[in-house]
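Just the one chain here, the form predicted on its own, laid out as structure tokens.
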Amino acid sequence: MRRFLFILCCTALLSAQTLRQAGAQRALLIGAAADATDANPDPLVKEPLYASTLETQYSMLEPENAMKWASIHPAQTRYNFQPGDELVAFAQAHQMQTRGHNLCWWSYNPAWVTNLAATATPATMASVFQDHINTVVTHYKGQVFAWDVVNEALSDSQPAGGIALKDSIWYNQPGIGATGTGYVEQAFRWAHAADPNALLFYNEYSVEAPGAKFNAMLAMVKDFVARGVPINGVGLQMHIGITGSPSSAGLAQNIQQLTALGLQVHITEMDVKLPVDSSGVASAADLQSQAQTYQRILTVCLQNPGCTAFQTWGFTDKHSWIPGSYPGFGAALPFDASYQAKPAVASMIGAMQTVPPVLNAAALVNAASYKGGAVAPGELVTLFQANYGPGSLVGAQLDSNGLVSSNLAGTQMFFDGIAAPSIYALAGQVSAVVPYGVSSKQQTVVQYEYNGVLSNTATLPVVPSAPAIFALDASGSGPGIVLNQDLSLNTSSNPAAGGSVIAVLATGGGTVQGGATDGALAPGAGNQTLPVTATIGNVTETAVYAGPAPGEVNGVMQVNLTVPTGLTGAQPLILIVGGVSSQSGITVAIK
């Protein structure tokens, strides 16, 4: 049968030198708030250092003001998209993500909205609210990857065990006719309807430390998740100083409680204000303390893979809200007013280069079915949430002995200290082949490494087989990777004939008769040690051949089967290896 080669060839990413490059190696978006109309003249256009620093150092930008109600919807019948469009165009030109801020806030509403609220009915306010969300989200559909849907809805004073909301025109003055957190929920539902692919966040301040306000927010989002409200994450603003809250342990606890719900966490508006002199200059000692604070908060984020973005509220002290809001304070951002990097920049890059990657046993899964819990000898596995690795994809490479290398651009996965053949590596997702040597053991200790920095270890059971068929779209279900007898790819438009022989590509078959060398390309000899059968459309078939796929790395299994007659269309396909079945949902097309 034809070789269906999985090996890719790519080049490694050079060592990180900027915040953006370091973030790419951690699968972490490094962002900054920016504004096309933040100053006069427009800094994005008129200040070359503003634009060059933003695109060089950051992989994500968020309009600081350009997408808020007062800016983007200044009159009831008029929208002003120009400043937001300018920022989105800048992000697209420099391969950055755009994060939208915000669709609903108790503050910064235009006069026409507040005047309308004085006499309007809740039904009228609901109509205005829905029109705004639908119009703005639709305008930026496919361009803004995530939205702060509702901003700062919670009161600073929270009752024990309850949820208190701020007074606002959207809640109770006059509100939109919803009770409790209903207006927040409705905003998420309308935003999701306008762009089902956008990630939707609730954004709040003073919830980075444990306490009543965090508990109220947690209760709200937990309720949303339980009832299917389309919420994807929570933004922790993080406007802080160099002393006091939050502690690293408290912040980690809060992030873990949110991510346990299946939500992402973004640090959305971080700045660390310092006392400054009359010229706006902070002391050297305070700048060092600031650097440690940035490093400490970023470290907590890196230690929790569900924290997927780290953003500051601005990036240069030249354009910062702090001096105007906190007299006597300033110098809050990573770059000074002359766009020179402050100690905070080096401290953050250092954290991203040295904080150990996190290995979660539950995130190590079969590369074909995405089922985990145990590993089999020779199984191709994928480790998700591998939050330190190459910033761009690096494919499998052969070493000087002609074996698939266990080291890809500094990335390695170990099983009981034995480096596994590497299939590909990318920050956030790596794939390897479980060494055949684990077959003699009941469990194996797994560890991950990038550039000499080792993760924690995780222990997983070893099973004789964990069969899974590769899906054509790599989703784990749907049409499988199956070759027809004439070596063409089996598809709905190219089905296999009854009585012909097909080749199914899979993994997790366990050991091979006569043994198999880790990382070697299969010569086509030998069979799986365990018996292999299959069902096609509920008809049982014995394998004509079941063993290593010729030309593929050992661990990719090829199973040749005779197609039953009398079947047509997409038929369910299951392999059974040693009594263990592959995943359901894989099909083969038959005519």
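Predicted model, so just to flag it, every value in this text is computed and none were measured. Numbers for residues come from their place in the sequence shown, where the first is 1.
Missing here is the form predicted together with a small molecule; even so, the following discussion is about that form.
Between the options Thr299, Thr181, Ser406, Asn203, the residue in contact with the small molecule in the predicted complex by a heavy atom within 4.5 angstroms is Asn203.
In summary, among the residues Tyr436, Trp105, Phe414, Tyr140, the only one with a non-hydrogen atom within 4.5 Å of the small molecule in the predicted complex is Trp105. Only one listed stretch (183-191, 105-113, 376-384, 304-312) carries heavy atoms within 4.5 Å of the small molecule in the predicted complex, and that stretch is 105-113. The closest non-hydrogen atom of His101 lies within 4.5 Å of the small molecule in the predicted complex.
Residue contact check for Gln158: none of its heavy atoms lie within 4.5 Å of the small molecule in the predicted complex. Though the partner is left out of this view, Asn65 does reach within 4.5 Å of the small molecule in the predicted complex, counting heavy atoms only.
Interface membership of Glu152, defined by any non-hydrogen atom within 4.5 Å of the small molecule in the predicted complex, is confirmed.
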